[in-house]
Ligand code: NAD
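Below you will find one chain, with nothing else, as structure tokens; this is the form predicted alone, and questions on how it binds or moves follow later.
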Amino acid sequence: MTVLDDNLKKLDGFLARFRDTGIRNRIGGQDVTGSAGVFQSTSPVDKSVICDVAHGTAEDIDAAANAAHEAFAAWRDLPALQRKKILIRIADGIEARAEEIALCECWDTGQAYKFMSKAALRGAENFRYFADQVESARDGQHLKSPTLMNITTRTPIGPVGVITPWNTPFMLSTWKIAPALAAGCTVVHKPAEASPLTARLLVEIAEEAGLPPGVLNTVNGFGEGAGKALCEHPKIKAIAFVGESRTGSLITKQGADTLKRNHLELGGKNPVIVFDDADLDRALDAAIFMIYSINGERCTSSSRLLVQDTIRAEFEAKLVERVNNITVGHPLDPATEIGPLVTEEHFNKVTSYFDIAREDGARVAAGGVTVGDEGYFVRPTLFTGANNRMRIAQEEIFGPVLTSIPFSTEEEALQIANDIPYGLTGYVWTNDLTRALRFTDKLEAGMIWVNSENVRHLPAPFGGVKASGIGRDGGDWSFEFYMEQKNIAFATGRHRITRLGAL
């Protein structure tokens, strides 16, 4: 039996219960059917139906928001050490079911097991990291003035909504939910309709670890129904969202009447800038990894290659050779590097850019074709001969598609890099330290890596500028979002108080 056969057998066992009962909403610790019936979740591998999923609407969101509201005070007031122990047990539960999470996520999203086998463990890391911060999360500062001692503290904002996407959904859900729970908030989670499986696993693991009913609620549904209702609900005090920029704009509008606090992690069209003095072999490895891993379906992917014209021909030649060697295949095969795209809709969007590139005058140097007809597979693609005005350079394709753009000078590279609506990440490759300092100072991005691919560091701020979002995740930045600052001022003496109306 091959590893693929073994993984398929294990997956079949994991999915059996979902085929029998479907995925229900989880509200207040109870399984609840969707008020609009069910919709079907299908696998991008072969377009087969995985299971029925509860179709939640405003009615279900209202029930979940009320459950989160009712559970909030007790969870907020639970001693920090007890909340910490629960979060650690959730991390333990994730690790114990890591294989189940990974295999379900691969089948649900099309992501390769090569990467998803680690995604569940990263989710456990998120819970462990924020568990360690629980006891100090509400600590403040002592700010002394001539007449007052100011003491600051933080308190959890209340029930929050978390809306997560279909790319690496489990890890991204933990990235939002773990700090919310650590802060003392309760959560209503609306996962992407295209990837509902692991959200169900997460709420099961959390409740088995001792998370009280109503602290984490999961409602499946679509953006125009459940998502909109969550953003508008008066008992939900904040929305944490990961997804595309247009949806982020809608969320801001939908939450305006209730003055929602929003944290929006949105799209990107991120540049990787390779100067001719860089370590070109390492730059090549990093550029390939950051666009073709995770099927190219991630906001931090380096989808624009800005390469200095003195090395362009050599660098692109090596790039074409490597891209053509990338393995496209079944996501549960450990040898697979790229699996199918997540849905038919997304598949059609990504493949439409093959013709758009040609129409705009770019060259399809590698890929640009679909693979088979069973699922939503495409060959990893490279466009060359492009300029930054083309749609393939300006629009977020969100697939395994790289656009190469030449530049001559540092000034030109900076102009091209910044001439984009987005500003999430940037990757700079040079061995000139002063150039790196100059360039990163002017590069419009919330996160920049120099001579490195994206290496996550949990205490560091994660987020973008411009159309790439508002707010930061990571470390204390997460708590700043999920908590309110409070200042208490104590008089240290009998300072003069202006007396009005006194004779």
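Throughout, we count residues from 1 along the sequence that is shown. Because the structure is predicted, anything quoted here is derived from the model rather than measured.
Below, we turn to the form predicted together with the ligand, even though it does not appear here.
*Asks:* Sort through 284 to 292, 192 to 200, 95 to 103, 363 to 371 and report the only stretch with a non-hydrogen atom within 4.5 Å of the ligand in the predicted bound form.
*Replies:* The contacting stretch here is 192 to 200.
*Asks:* Let me test this: is every residue among 273, 403 and 423 within 4.5 Å of the ligand in the predicted bound form, going by heavy atom positions?
*Replies:* The answer is no: none of the three residues contacts the partner (heavy atom, 4.5 Å cut-off).
*Asks:* To verify the annotation, which of these, 407, 129, 115, 222, has a non-hydrogen atom within 4.5 Å of the ligand in the predicted bound form?
*Replies:* Contact check passes for 222.
*Asks:* Between the options 306, 163, 332, 120, which residue brings a heavy atom to within 4.5 Å of the ligand in the predicted bound form?
*Replies:* Contact check passes for 163.
*Asks:* How about residue 390: is it within 4.5 Å of the ligand in the predicted bound form, going by heavy atoms?
*Replies:* Although the ligand is absent here, residue 390 would stay clear of it in the predicted bound form, with no heavy atoms inside 4.5 Å.
*Asks:* Would residue 235 count as a contact of the ligand in the predicted bound form, using a 4.5 angstroms cut-off between non-hydrogen atoms?
*Replies:* No, residue 235 is distant from the partner.
*Asks:* Considering only heavy atoms, tell me if residue 266 and the ligand come within 4.5 Å of each other in the predicted bound form.
*Replies:* Residue-level check for residue 266: yes, a contact with the ligand.
*Asks:* Can you tell me whether residue 398 touches the ligand? I mean in the predicted bound form, with a 4.5 angstroms heavy atom cut-off.
*Replies:* It does: once the ligand is placed as it appears in the predicted bound form, residue 398 has a heavy atom within 4.5 Å of it.
*Asks:* If we check the ligand in the predicted bound form, which of the residues in 95 to 111 reach within 4.5 angstroms of it by a non-hydrogen atom?
*Replies:* Contacts from 95 to 111: none.
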